[in-house]
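So this first bit is one chain, no partners, the form predicted on its own, shown in structure tokens.
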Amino acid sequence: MSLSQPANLVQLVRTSGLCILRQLRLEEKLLRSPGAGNWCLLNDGTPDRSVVLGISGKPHQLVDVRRALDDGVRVIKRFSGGGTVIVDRDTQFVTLVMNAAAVPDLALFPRQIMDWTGSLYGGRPHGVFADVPGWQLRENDYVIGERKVGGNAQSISKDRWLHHTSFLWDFREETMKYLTNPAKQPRYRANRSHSDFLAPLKTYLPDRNALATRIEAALEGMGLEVAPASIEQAEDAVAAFHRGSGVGTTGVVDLETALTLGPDDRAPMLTGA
């Protein structure tokens, strides 16, 4: 990022059909590239159904490993914390990768960042969902009424932070068969099944492009400047500013090996995947 650019400038990428593994690896590198500036990545759908675990996720506690292996469903372990999600062409992803200086009054702690993003999405009048009755930030989820429409995860360093969300534009109940009902869950879920706990955004927004259309005004409403950018520009920024190894911690879980492990074992990773 040029030194002449303002600290609160966010480069906004709108894309669709980006592979979730490619996206997560790019996000991890952007987080570790402070000179690359601030980014908002919006990706409408990923072509292949995948399960995504948080960095500490244990496959047998969160995933039906045998079913995923038999059906060829890829399981990915990402670099950030948070829960397990299943993603496909009807998942809409929004990721913020920010320098601390972009929002100078924001304390870099999970709850404070969560509350700030709650205002980004729900604050009046600028929030993405400001006109949706019942929208709220509840615990660490975005919900409408009593049903979850978006899940979040974060990664925070000394002077840089990342917050990414997977929104359910739509979902098919049969895809949830790859996930278990986790022992650790938000209180408001009350042990409900996935079908009773989740809701699709298509029920509440006028069209599939609404999130992409509204996000720029929402960012500006939070005091940020916005400039359009491309995935290629984000990858160029990583090439110029990334610090650390080229591999990162995001990768594909070795499901065959996972089958031989116990419920408390962490995810074994494929090499070269």
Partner chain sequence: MALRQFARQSARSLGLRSDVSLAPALATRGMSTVIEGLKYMASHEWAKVDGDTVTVGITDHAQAELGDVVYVELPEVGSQVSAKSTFGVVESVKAASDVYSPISGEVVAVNEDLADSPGKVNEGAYTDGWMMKVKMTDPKELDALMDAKAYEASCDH
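Numbering follows the first chain given and starts at 1. None of the values given here were measured: they were computed from a predicted structure.
The same protein has a further form, the form predicted in complex with the partner chain, not shown here; the description that follows concerns it.
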For this session: Please state whether all three residues Val51, Gln61 and Thr175 have a non-hydrogen atom within 4.5 angstroms of the partner chain in the predicted bound form.
Result: no
Exercise. Does the partner chain get within 4.5 angstroms of any non-hydrogen atom of Ser80 in the predicted bound form?
Worked result: yes
For this session: Find out whether any non-hydrogen atom of Gln136 is located within 4.5 angstroms of the partner chain in the predicted bound form, and reply yes or no.
Result: no
Exercise. Any chance Thr180 has a heavy atom within 4.5 Å of the partner chain in the predicted bound form?
Worked result: no
For this session: May I ask you to check whether Asp90 falls inside a 4.5 Å heavy atom distance of the partner chain in the predicted bound form?
Result: no
Exercise. Using a 4.5 Å cut on heavy atoms, which of Leu198, Ile156, Ile144, Val73 is close to the partner chain in the predicted bound form?
Worked result: Ile156
Exercise. Which one of these stretches, 124-132, 167-175, 111-119, 94-102, sits within 4.5 Å of the partner chain in the predicted bound form when only heavy atoms are counted?
Worked result: 111-119
For this session: Would you mind checking 160-187 for residues with a heavy atom within 4.5 Å of the partner chain in the predicted bound form?
Result: Lys184
